[in-house]
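Only one chain comes next, encoded as structure tokens, the form predicted on its own.
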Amino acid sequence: MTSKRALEAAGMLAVAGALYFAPSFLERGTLNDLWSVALAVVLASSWNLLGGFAGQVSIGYSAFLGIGAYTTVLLALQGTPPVLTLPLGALLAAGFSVIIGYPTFRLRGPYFTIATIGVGEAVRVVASSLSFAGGASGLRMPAGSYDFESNFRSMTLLAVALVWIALAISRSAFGSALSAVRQDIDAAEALGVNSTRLKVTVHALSAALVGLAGGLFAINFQYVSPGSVFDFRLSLTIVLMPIVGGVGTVAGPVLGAILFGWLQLKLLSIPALLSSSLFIYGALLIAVMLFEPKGLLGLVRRLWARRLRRFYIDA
């Protein structure tokens, strides 16, 4: 077990090192694509901490991305260095998750999911009506606040760090408690698990990570608006990525994010299909649920097991 974990750590360090030095040898277009995939990995893996490990399906995660993004823009316009705004954006996103978490986590199943949709839409409407936040028109970052290489390294290293965090949680007592809540919340509470506090804690952690990504999003695009960061379609995409990849696992959300990142790049190259993105994502989700409920990771594992069986039979 120790050697396996050492190998995993070495692999993550190798990936982190390659991404850190990537701006030195890759062209800008490729780096932009990698940045987009890294953002998708952060969003999918963060949601999976709550939706996968704890089984709480929230469709309002764009609210946390937007809180982080708007915090960065508003503070940067007041003269704060953008990098210093990132922790505050994460903290505000976590705080907001706690405020909405205590009442909504008293609901279960589809009632909780519906409540998160309402919260996400309410945040979008409020943001559109606030004059100091630019209203529906949004806000632009101040001139001179953009450093692509720094932003690229921050986003990609955040993605690697988040995979490590998910792996550590999955092997911890905290992760076991989340799994117990997902499988049978009443039985978990009967064993002494405080399910509400547990869900609020993991919700705050995942919200902080998404808020951090929101700040990097604002720095990268230099513009935010309610339609770009509080979009309901974005919340749906965040949910679809881990489900398609393999919800409740560590590698599944990464696979789903890579697939969705690749699809998004392809759709951008075909403008006629861009407006049909949710239809395409929905069709993909239906296909996965019908033919491979465990997602892409389940498919990979099944094919690998079949190959091993053939290898031993032939041997």
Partner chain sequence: MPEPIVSVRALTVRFGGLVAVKAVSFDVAPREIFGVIGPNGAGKTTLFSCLAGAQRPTSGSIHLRGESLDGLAVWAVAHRGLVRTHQIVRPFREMTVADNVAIGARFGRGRRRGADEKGRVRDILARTGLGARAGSLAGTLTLGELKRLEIARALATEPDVLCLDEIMGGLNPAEINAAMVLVRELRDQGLTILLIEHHVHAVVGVSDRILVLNFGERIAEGRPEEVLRDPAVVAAYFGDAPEEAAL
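Remember, predicted model here, so these are calculated numbers, not experimental data. Here the rigid core means the biggest group of C-alpha atoms that line up within 1.5 Å when the two forms are laid on top of each other. Positions refer to the first chain, counted from 1.
The form predicted in complex with its partner chain is left out here; the points below concern that form.
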With the partner omitted here, the residue among I169, L91, A188, L74 that in the predicted complex has a heavy atom within 4.5 Å of its partner chain is A188
Its partner chain contact at E149 in the predicted complex, heavy atom, 4.5 Å: no
Looking in the predicted complex, any heavy atom of P81 within 4.5 Å of its partner chain? no
Is there a heavy atom of S131 no more than 4.5 Å from a heavy atom of its partner chain in the predicted complex? no
Quick one: is G144 in contact with its partner chain in the predicted complex, heavy atoms, 4.5 Å cut-off? no
Quick one: in the predicted complex, does every one of A159, A161 and I165 get a heavy atom within 4.5 Å of its partner chain? no
Given a 4.5 Å cut-off on heavy atoms, tell me which of 208-216, 81-89, 151-159, 192-200 is the interface stretch with its partner chain in the predicted complex. 192-200
Core superposition between the shown form and the other one, C-alpha change of G17 at least 2 Å: no
